[in-house]
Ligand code: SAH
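Next up is one chain by itself, shown in structure tokens, the form predicted alone.
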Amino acid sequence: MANYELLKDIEKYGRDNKIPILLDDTLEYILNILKQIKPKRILEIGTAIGFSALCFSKYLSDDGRIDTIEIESLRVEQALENIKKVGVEDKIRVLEGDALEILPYLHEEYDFVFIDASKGKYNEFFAHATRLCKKGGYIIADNVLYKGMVMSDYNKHKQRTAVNKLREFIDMVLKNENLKSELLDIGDGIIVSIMINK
């Protein structure tokens, strides 16, 4: 039996240690979608310590599974430990490595794809997400407003590349005619797409 009570401790650990985990309102929004669609397959790009994948796993259909990709070995270790603690090893598969090297080898269809990894690579991640997402499925990219910088004139040199890439990414997604997409000012900004043509 899965022990989802432990999620509170995992969340606290993430926040206390400044590990990027989902903001409450973003999580609530996503979980409402998952409750409705009861996904069989979820793909997550960016595992961190496994908090979001664990939250998502509550709403999988009976034989559902999550594939989640993480590049940092320490995070993979922590995620596997948390998944084991909660008792859902049968529901979550952690794939270790660079997502852009792993994604080309994935070929099954997913009902829901969540992107929360390196902001500079969102365009490439999204290209794979649209290939792997089934018709009627959802793709959500997190942190697309990048602490408000994407929609403001704020343009420090250090963040300029990431901000410009995210602006291009948002524009590209909103113009994609195979998707019904919406940019929402929830958390640090999310873009929600439904695959309408395949």
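Numbers for residues come from their place in the sequence shown, where the first is 1. None of the values given here were measured: they were computed from a predicted structure.
The same protein also exists as the form predicted together with the ligand; that form is not shown, yet it is the one meant from here on.
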126, 138 and 172 - do all three of these have some heavy atom no more than 4.5 Å from the ligand in the predicted bound form?
no
- Can you check whether residue 77 is within 4.5 Å of the ligand in the predicted bound form, heavy atom basis? no
Is there a heavy atom of residue 22 no more than 4.5 Å from a heavy atom of the ligand in the predicted bound form?
yes
Can any non-hydrogen atom of residue 111 be found within 4.5 angstroms of the ligand in the predicted bound form?
-> no
Using 4.5 Å between non-hydrogen atoms, is residue 97 touching the ligand in the predicted bound form?
yes
Interface check vs the ligand in the predicted bound form: of 42, 69, 166, 133, the one with a heavy atom inside 4.5 Å is 69
Looking in the predicted bound form, the residues of 113 to 128 with a heavy atom no more than 4.5 Å from the ligand, listed in order, are 114, 116, 117, 118, 121, 125
